[in-house]
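First comes one chain, alone, set out as structure tokens in the form predicted on its own.
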């Protein structure tokens, strides 16, 4: 599904990614771990096409398409979704109107007719149940006055509505209590299929207890320096990253 080769990227004059190689197949969940500043969020922003990040070398192929020739909107319509570490507020735009516009924009890009109001509201009811999100939030402005858990739950709800094929969860567990983490993770797990894939960026093992990855990668200094199974994440939880640094020394 996604193939990254020798990816280099910078922000301003600072090079952050220094040769990322990563292949993700259909149905696979890849966890990405590493210390602050290692390049985890930079990689996710490059994949979704954030214009603040400049790719200087390498390639990203998504389902046979050259991702680097596509703008952010085109990547979203192609099936790429990112759950942000700190979801922003959009005052004056209700969740219902926001989601209707997003869903119908994707349908238009796919050559489909817009959903009728009754069909859209039925879809919203079905997807809300997945992440146990209150109907009252649907009438409020996007994320305005939402708690941290509600914002993260809302991100998974948006993912459920848009039905992407490739998702990036960028530290979705940040700031969540145990109950909110479980609800968000269970909602994500209900959306997993054999045709979808994801990158899960996290500092902690606890999220990976719920979202069990097929592969765990450690990013240091802008490169993937170690890859393993879920056991690698448990080892990092117990021992930190110093032992990996010692291996590389």
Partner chain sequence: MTSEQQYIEFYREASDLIKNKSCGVMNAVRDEAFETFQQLGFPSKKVERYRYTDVDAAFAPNYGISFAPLTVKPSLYIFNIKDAPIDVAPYYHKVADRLDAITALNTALVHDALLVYVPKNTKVADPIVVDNWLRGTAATMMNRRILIVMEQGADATIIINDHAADKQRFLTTQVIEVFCHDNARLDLYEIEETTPLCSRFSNVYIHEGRDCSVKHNSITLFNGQTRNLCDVYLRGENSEVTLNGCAIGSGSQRIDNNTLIRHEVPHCTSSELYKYVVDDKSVGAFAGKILVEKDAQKTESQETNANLCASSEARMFTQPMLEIYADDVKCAHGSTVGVMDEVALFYMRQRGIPEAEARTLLKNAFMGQVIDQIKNEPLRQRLYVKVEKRFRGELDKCDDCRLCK
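Positions refer to the first chain, counted from 1. Since the structure is predicted, the reported quantities are computational estimates derived from the model, not experimental observations.
The following text describes the form predicted together with the partner chain, which does not appear among the structures shown.
K.L.:
Which pick from 130, 80, 161, 176 sits with a heavy atom within 4.5 Å of the partner chain in the model of the complex?
P.N.:
It is 80 that has a heavy atom within 4.5 Å of the partner.
K.L.:
Tell me, which of 147, 72, 96, 165 has a heavy atom within 4.5 angstroms of the partner chain in the model of the complex?
P.N.:
For this set of options, the contacting one is 72.
K.L.:
Contact with the partner chain in the model of the complex for residue 189, defined as at least one heavy atom pair within 4.5 Å: yes or no?
P.N.:
No.
K.L.:
Can any non-hydrogen atom of residue 138 be found within 4.5 angstroms of the partner chain in the model of the complex?
P.N.:
Outside the cut-off, so no.
K.L.:
May I ask you to state whether residue 48 is within 4.5 Å of the partner chain in the model of the complex, using heavy atom distances?
P.N.:
Residue 48: yes, in contact with the partner chain in the model of the complex.
K.L.:
Is residue 76 close to the partner chain in the model of the complex, meaning a heavy atom pair under 4.5 Å apart or at it?
P.N.:
Within the cut-off, so yes.
K.L.:
Picking from 192-200, 207-215, 48-56, 31-39, which part of the chain touches the partner chain in the model of the complex when contact means heavy atoms within 4.5 Å?
P.N.:
Among the candidates, contact is made by 48-56.
K.L.:
Pull the contact list for 92-131: residues with a heavy atom within 4.5 Å of the partner chain in the model of the complex, in sequence order.
P.N.:
Heavy-atom contacts to the partner chain in the model of the complex: 92, 93, 98, 101, 102, 105.
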